[in-house]
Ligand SMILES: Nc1nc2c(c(=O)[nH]1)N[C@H]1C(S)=C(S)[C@@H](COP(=O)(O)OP(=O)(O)OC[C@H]3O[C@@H](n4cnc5c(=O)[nH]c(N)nc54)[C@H](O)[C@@H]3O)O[C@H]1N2
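Taking the form predicted alone, here's one chain by itself in structure tokens.
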């Protein structure tokens, strides 16, 4: 048995140059413009960058590789349909820097693993297929044919297909995702974990059980016409900046905005439209009408308090608050939910929420008076032990008002990665439905497995138990994205062969199995040429619109292949073309789309409709009040507030992104809106908690996580006083991921609980 390489799994415990400024109260504006041009000039030059940005999110261009926020169906801005972080994403993707055989010859994986994630990511685009052989410390160039042969040999030598796992990142196109899952199911496993398992799986579970579809029910236009928009557990100013334009239009139309978050965010407060000189001159638009600084995981208690106040008013004036016609015709279990609601005390719910009764009453009045209500949410709700119930409670309050399936009302889970929703639609799921599998069998003549596969948490556990021999990632940075970092890295090292399909270098290329292969692929903005000529791919945005995306940039290396081409070549090397015609599958991507049309509902006339400039909407029963639950109704749920507590002197930690970051990609070292510059190893605490703990500004501390008798440690963080809900603290990931226990997961979705980690703080001597 070969010895594991002495690579460093965790980011280095090193400080940079911390500089503190006053947190911003406004988002975007001129600073965002300057930041955009700074990043594109550093990575690819201004002229090249401007030309490329003018093609991003346009109807004849390519989709942003960042978030999944939708584009307008109609006219799009000639000045640019992108945000600051979208520009950073494309700067990273179109960088002039290269990572080729020379760099790998110069540095061993052990040496590179000691670099920060920022430095690793800044090395540039991968240019050649590379092999890290067993017992070797340096990657060496390998031909594509050798790589595919090695992968096929390993897969065919497995005792059971379930010894292989195939992870997917959310940026993969529909075409790549479809052929990837097809390859995996022809192999004979459903081990298809993906980034949804770590993010919005709770949304999918909660929405599927209540309204019959695991997607949001609103369109972009609905946000413009809403009377009330609630933004819960989300920071759109950093993570989905183009959403701010939609919120501004809501305000212009007389709507009210409510933000619910343990930490105030500039993007939820004032938006300065960078394309509007008058907006810049006048200082922007005030978005928040109410900011509710909820305790971490106090969301159900808050919603309960609001519903109690709604019920009190309804009891006084029957029919004045609840939409009884909608409730009677379209819902089930209303009486059970109301009976349960009557058992709760308003004062106790106020206490658990951490918000004053006065503030809650002001917000409840909006719910009492208004009907066109949209609730948006992100990881603050889903990455909790009760994440599924959080979503069910969101649905409860909307059902009371009849606010689902109407113009300006509904559910709005705001997805992260640009095609994470499309990947799931294409069949990237460890728990596929029988109808889909039967369609694959009938159309391709394969025998798709029915046994459910492994999700992300189960994959890490299986790797740790030496049950997985082959591990492949279609994009992403599994080591840095997952919880329990040290355990995860050690688990992955147990695999015989790990394969990464990637555009850029990341930590997952350095923390590997006994052998490792890097397969460099085209990026979203790159030109894709196949036998029939230039190709385009398609993606699905956060609101269920499928549209085309076609890159224009010359690839950084002639050695790159597209993701569909990589999968097809793997398929041919492993199976030949007796059943699936892997040898010709990617000659023209229309062939892939024809196969999608034949096997997945909602894709009729796919090749025709995807060529419509704005794309097309997929069916959405909740949007049309055609609820596809087993009983055909939208279901109310009986939900208890979690009321989780921690030991005296302990804090509730949440992991968060900086403004110079998207998922695990770190664009820079600044968190500009929060005024924290040049440093990532920080912990943000409320002033009162600092006083209780006897801590001072910039003091160096260690963070110790405690969960069911287990302890985890993250060393060397600097304390920063910040306006965080009392009893809570904020850290950045991936630096603090080591503290997130693998076994701490959401009930019903198995999502790691990154937003409620019990820790204690120890000052360093």
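Positions refer to the first chain, counted from 1. This is a predicted model, so every value here is computed, not measured.
One more form of this protein, predicted in complex with the named molecule, exists but is not displayed; see below.
Between the options 82, 603, 470, 662, the residue in contact with the named molecule in the predicted complex by a heavy atom within 4.5 angstroms is 662. This chain is drawn without the named molecule; in the predicted complex, the residue among 112, 492, 521, 683 with a heavy atom within 4.5 Å of it is 521. The stretch from 182 to 190, 335 to 343, 616 to 624, 168 to 176 that comes within 4.5 Å of the named molecule in the predicted complex, counting heavy atoms only, is 168 to 176.
For the chain shown alone, residue 754 is a contact residue for the named molecule in the predicted complex, at least one non-hydrogen atom being within 4.5 angstroms. Under a 4.5 angstroms non-hydrogen atom cutoff, the named molecule in the predicted complex has residue 67 among its neighbouring residues. Of the heavy atoms in residue 535, none are within 4.5 Å of the named molecule in the predicted complex. In the predicted complex, none of the heavy atoms of residue 62 sits within 4.5 Å of a heavy atom of the named molecule.
Contacts between stretch 724 to 760 and the named molecule, counted in the predicted complex as any heavy atom lying within 4.5 Å, involve 733, 737, 740, 754, 755, listed in sequence order.
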